[in-house]
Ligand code: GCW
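Below you'll find only one chain, the form predicted alone, shown as structure tokens.
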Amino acid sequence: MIKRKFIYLFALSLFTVINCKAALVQTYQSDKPNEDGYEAWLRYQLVEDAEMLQQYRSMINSVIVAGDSPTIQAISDELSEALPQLLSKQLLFDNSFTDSGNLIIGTSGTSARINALGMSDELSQIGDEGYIIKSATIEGVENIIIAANTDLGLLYGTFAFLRELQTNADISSLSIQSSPKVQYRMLNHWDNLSRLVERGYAGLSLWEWGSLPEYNNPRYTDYARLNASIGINATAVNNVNADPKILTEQFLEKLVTLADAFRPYGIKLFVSINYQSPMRVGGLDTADPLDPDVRQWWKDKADQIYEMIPDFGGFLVKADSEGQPGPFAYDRDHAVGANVLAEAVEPHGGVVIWRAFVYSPEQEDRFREAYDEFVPLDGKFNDNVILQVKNGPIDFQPREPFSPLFGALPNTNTMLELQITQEYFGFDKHLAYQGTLFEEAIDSDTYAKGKGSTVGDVVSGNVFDYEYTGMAGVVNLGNTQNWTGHPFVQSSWYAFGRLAWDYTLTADEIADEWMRMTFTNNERFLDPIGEVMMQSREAGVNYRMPLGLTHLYAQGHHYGPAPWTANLPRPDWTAVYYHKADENGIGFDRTESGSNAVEQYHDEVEAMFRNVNTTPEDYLLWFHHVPWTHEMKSGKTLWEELIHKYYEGVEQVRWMQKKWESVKPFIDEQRFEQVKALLKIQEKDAVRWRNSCVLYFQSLSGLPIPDGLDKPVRDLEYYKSLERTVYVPAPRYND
């Protein structure tokens, strides 16, 4: 009897607990409906600020969009979707001019009212893609004007205006003028025709090759909308390790459907090509760029593509790098190799983007390779060739000094290549906002024409008179519902677009925009998570490879640590090649006593990096082999500083977890729980990184872990055994 009563009471209490918990969850969910992240930063939620909402409602009653084109239709569609949800009110979308609150959108050629404002001087300053948003009185009525020289400029202006509303900005007296600082603002997809994505961590490729060209997935349009909203105007849809089949008629027909979906949003389609395509799909017995039949093949292929896609952007090329074929097989240099392609697309207004990511096993220092290969060719490339240069001299590492190619090519169009996908930052499992890395690279001073010649100024053509300018972002988008896997990887996609449009923006203000549009305008969310975003990249550097260490990853997947990696077919695929740690010290000597790579920089930068005492400590081990006993600015020895950095990185992740926990009431449960779980994974990985590296370097230095720091429970051999352990897909190359 007692036992049965106990069971009854236990069951009753359990039932009560479960139902109370369910009630709490239900309350939580009803307050903040769950979101899957598909809308990204274009989630049009009711404006939260009551004062701003009242202002917007009083100022926007009628929407007048002048013109008739697919882009104008895209503008109308976006506004009819966004404004009723943001303002929670019915609006007039029939182009009626009312006696209060008109939003008027048009060019001086399509809108008589805008033409009557006499804006020719203002419009002459913004080019074909810029826009003006301003308050203006017309016929005695206060209006908001979005004006541009082209329909595409109006599209960018429309998204910019919606951003003002989404971020709860004051629009009572608008005066905004903006135009892009570089021409090509481009995404590079590393998507294979098998739909596996190299370094992609968000599912399969967006491009459903099997159902193209017949099925135009609506997701293609949403992809274009998201990109246009941040100013991206070009995309290379396939892997730079290219399958030649992309140039066959079968796949060109599929590309037509994608180009049609992108066109209203101003996005030009590019394809990556395999340099042996004339042989692999063209039936020729050579791909020699100076062979007349090869030159004619490329010309004919370009003519065919432009017949099918009149606004085709051009070719992206990875050649003579990591096993990809190129002109070297025929004793031709990069310029000769690029120019045959440039000649083929030039009559159609196309460009060739030639990647400068090259390295040779014969080179004593991989750092030097790109500079040594390309600087002698400066001025030999055709005018419609753009050299695409990674931000650093090695390979998208968590922190690299800027590539010395920036500022070294006055006669060769040069664009910046950044990585959005987190190949070296924990895939889709770690929170690592890349806006701070992008800003750091863009703001680096090359001294090409004295102080102030930043990388941003170089690639925008402000330092040298480039014919074409641009920035490219290697992206990880996939068919996962939220596009990027980790919700916060969206922030790096967003940051790339905003910086490509205007590289003078700061990572901080971009993060603030993104949070407001993606989550909430509530300051109790923005303040702590803004801190998290701004410190997240530095945390990732600290627990992986602080003080200028680099390339300590396990080869192949690049997810986990392996600072002990040695004895691979190529030395520059090993970790020991880069850190050169021994019982005396650590770091790669790139001064005159080593590879002398510092000589590739302009004098002021060279002098800074050449001297161990003037080299910023963030880059110390990039340029110097330093004794373990070297005194750092903190007063610690190098050994002590290095170990403290590793421990600091782990603590930063734990701090990030606490900050995230504090914002639970302000966002939906689904995204909160996802990020919470991912931060737990990140903490585990950070501990593994820390312990692996600390124990390995200790095995060489013979020095103790400083007092006050917890000692790893497991030994080095345990962490070595985990080297090949990776729990996420990391597909590579073609399948």
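Don't overthink the numbering: it's just position in the shown sequence, from 1. As the structure is a computational prediction, the values presented were derived from the model and not from experiment.
One more form of this protein exists, namely the form predicted in complex with the named molecule; it is left out here, but the text below deals with it.
Novice: Of 197-205, 170-178, 280-288, 527-535, which is the one stretch near the named molecule in the predicted bound form, taking non-hydrogen atoms within 4.5 angstroms as near?
Specialist: Result of the contact check: 197-205.
Novice: So which of 251, 424, 577, 660 gets a non-hydrogen atom within 4.5 Å of the named molecule in the predicted bound form?
Specialist: Filtering the options by heavy-atom distance leaves 424.
Novice: I need to confirm a contact call. Of 355, 163, 299, 399, which residue comes within 4.5 Å of the named molecule in the predicted bound form, counting heavy atoms only?
Specialist: Exactly one residue meets the criterion: 355.
Novice: Is the gap between residue 268 and the named molecule in the predicted bound form 4.5 Å or less for some heavy atom pair?
Specialist: No.
Novice: Using a 4.5 angstroms cut-off on non-hydrogen atoms, would residue 482 count as touching the named molecule in the predicted bound form?
Specialist: Outside the cut-off, so no.
Novice: Does at least one non-hydrogen atom of residue 544 fall within 4.5 angstroms of the named molecule in the predicted bound form?
Specialist: It does not: once the named molecule is placed as it appears in the predicted bound form, residue 544 has no heavy atom within 4.5 Å of it.
Novice: Look up in the predicted bound form whether residue 390 has a non-hydrogen atom within 4.5 angstroms of the named molecule, and give yes or no.
Specialist: Output for residue 390 is yes: heavy atoms within 4.5 Å of the named molecule.
Novice: Taking the named molecule in the predicted bound form, which residues along 556-579 bring a heavy atom to within 4.5 Å of it?
Specialist: Just 558.
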